[in-house]
Each structure stands twice: as structure tokens, then as C-alpha cells.
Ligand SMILES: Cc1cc2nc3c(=O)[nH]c(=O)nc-3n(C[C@H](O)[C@H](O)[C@H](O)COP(=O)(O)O)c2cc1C
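Here you get one chain, nothing else, as C-alpha cells; it is the form predicted alone.
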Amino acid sequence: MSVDLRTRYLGLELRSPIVASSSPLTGSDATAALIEDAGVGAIVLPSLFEEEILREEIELNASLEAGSEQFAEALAYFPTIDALAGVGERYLESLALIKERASIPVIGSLNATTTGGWIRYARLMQDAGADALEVNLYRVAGDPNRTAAEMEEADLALVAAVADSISIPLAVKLSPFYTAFAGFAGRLAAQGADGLVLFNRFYQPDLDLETFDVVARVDLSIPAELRLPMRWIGILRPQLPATVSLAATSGVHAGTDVVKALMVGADVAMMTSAILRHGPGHVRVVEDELRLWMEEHEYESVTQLRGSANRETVADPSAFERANYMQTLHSWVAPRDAAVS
């Protein structure tokens, strides 16, 4: 039996529901080409961070002005610089190059801090050839003077401003930490989001016990992390307009993970950690596993499989919510040799 893996995401026709999400590998035209050859349906570029652009500009200005407050004539020592390619320019050049060589959709990724930054670089990515844009709402609500409602209103206004500024499809990559997530998701769609990506992984800081410094730790995902996006996609899919795309990300490592994501209603399953851990060729392994599972279970297409086990189609819809919590607790069975003190 021939299996049809085609799907639609953000209004784009994809040859496969497996998408390479934002990672260091997708930002290089050489490795992006390897990922495409392995069979992904689309590529999401690494995020462009507004903070990186601003920091680079500040450091460059400080270097060029060093000593000028004491020796004004020192400014004349520097040659005239008509243009200097910064972080933003290099990102756009890379996007344009990858898009020129790719035969699949290329999605830009943006993580800004100001509304002006979001709008400016959203337009520039569109002009550079991006087929769609993914914006990352990634922040820690650490200000006790700002309420949840205020922060959500700010995010909604930002998404509306970006959506109004571009004509390409817009996906919003979210954290799971909104107080009423289903309601917020619906409001994002109303503000112009063409799709939601669930979820952004929050990398937690660690401490160096010798220096007392806060240090970054990068841990690749594990398959168990897929359960959170699965739950929310299963809940949201019947409640959001059919035109709003849903992407599952975090914990997609095998073909069966892609199956689960599709069954709850995702349009695509995004992979990062598995590709970083095993290389671009792992995409072929995952696709072969997906095809085999679908053949064995007599599914002819992704369209037929999608949404077959979401909140609307399963026998017990409450399993996605509180009942799941109770069942999980009661399902624990202690090992036979476990000692009870």
C-alpha cells in the first residue's frame, strides 16, 4: 500500500509532516541541504534575536569611539565604512541563500524584544524570501507589578502588529505557561496567527558551585516531553478554526512520535534534538518508521490519520484533562523488590 505523507501547514503544501525546527543545523546552507535531502517537509531557520543585533551595534560603536574623548583626531585614523554586515544582515543573507537552493518551504524565525524590532525584521525576512514566519513569545513573567492579563494583552497586541505588517503566513511559538492557555490560543488566532507551535522549551539556568555564576545548560529533549504538546493539541484542535495550523515540537524522536502528534490533530511534527543527536540522516529513519506504522494500521494518508484521537474523537475526552491526572497517579505500581521503610 502506498502511503501519502503530504500535509498542509500554514497554508503551504508539504511533502511530509516531519519538519526540521529551529537549530544550528538549519542555519547553514550546507547542513540545511542535507536535512532537505533526508526528506523533511519544511525547514525552520534558527531564531534571530534582537538582543544580539543591539549588543553587536553597541560593541561596534564603543570600539570605533574608543579614545576619541581624549584624542579627537583619532577618529580620522579609521577608514570610511560604507556598510558592515551585522548579525541581522548575515541572517537575512543566509535565509536568502537557503531559500534560493531549497525546493521546500523555508520558514524564518524571530525572537525580538520591542514591537519595532518585531515588525522591522518580520518584513525583512519576508523580503529575503521566507515562505512563512515563526515568532517566539519567550519570556519569564518575573515582574510582580505586571499581571497575567497585562502580559497577555501585550503579546496579543504584538502578534496583531506583526500579522498586519506581513503578507506571508505567521506562526506563533508559545510556552505552556499562560494562565488560561486554551482561551489565549483562541485569541491569538483572532489576532492573525495562522498557526501555533507547541511548545517552546524553556532552558533552565544552572549554578556553578565554584564561581557562583549562573550558567547555561543545554539538554536535548527526550520522547516523554512530547506528552505536553500532545495534550494541548488534542484539546485545541476541535476548538480552533480548521484554518489554524498546529505544530507539535519537543520530544519528537521516532516515527511513532510523529504518529502520536498527528493522531491528536497536529499538522506537522517538528524535530530538533533528534537531528542534532543523530544527524540529518535520522529524518529518513523516522519517515520509514512512520510509513511502516501507517501501512501496518491501514492508514493511506496523513489526512486520514490526523485528528483520529483528539478530544473530540476519543471515547473519553476527559482523559486529556483532570481524569488523566487521577488515572496516572493510580497507575503506579511499585517494583516487587522495592523496600518499604
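So that there is no doubt, residue numbering starts at 1 and follows the sequence shown. In this text the structure is predicted, and so the values were computed from the model without any measurement.
Same protein, other form: the form predicted together with the named molecule, not shown, and the subject of what follows.
Contact annotation: Ser273 falls within 4.5 Å of the named molecule in the model of the complex, judged by heavy atom distances. Not displayed here, the named molecule is approached by Ser221 to within 4.5 Å at the level of heavy atoms in the model of the complex. For Glu134, a non-hydrogen atom is located within 4.5 Å of the named molecule in the model of the complex, even though that partner is not displayed. Contact check for Ser250: a heavy atom falls within 4.5 Å of the named molecule in the model of the complex.
When you look in the model of the complex, the only residue of Asn200, Ser94, Gln191, Gln126 with a non-hydrogen atom within 4.5 Å of the named molecule is Asn200. Screening Gly307, Pro46, Pro280, Gly39 for any heavy atom within 4.5 Å of the named molecule in the model of the complex leaves a single hit, Pro46. Heavy atoms within 4.5 Å of the named molecule in the model of the complex are found in exactly one of 144 to 152, 200 to 208, 255 to 263, 112 to 120, that being 200 to 208. Residues of 17 to 48 placing a heavy atom within 4.5 Å of the named molecule in the model of the complex, in sequence order: Ser21, Ser22, Ser23, Pro24, Pro46, Ser47.
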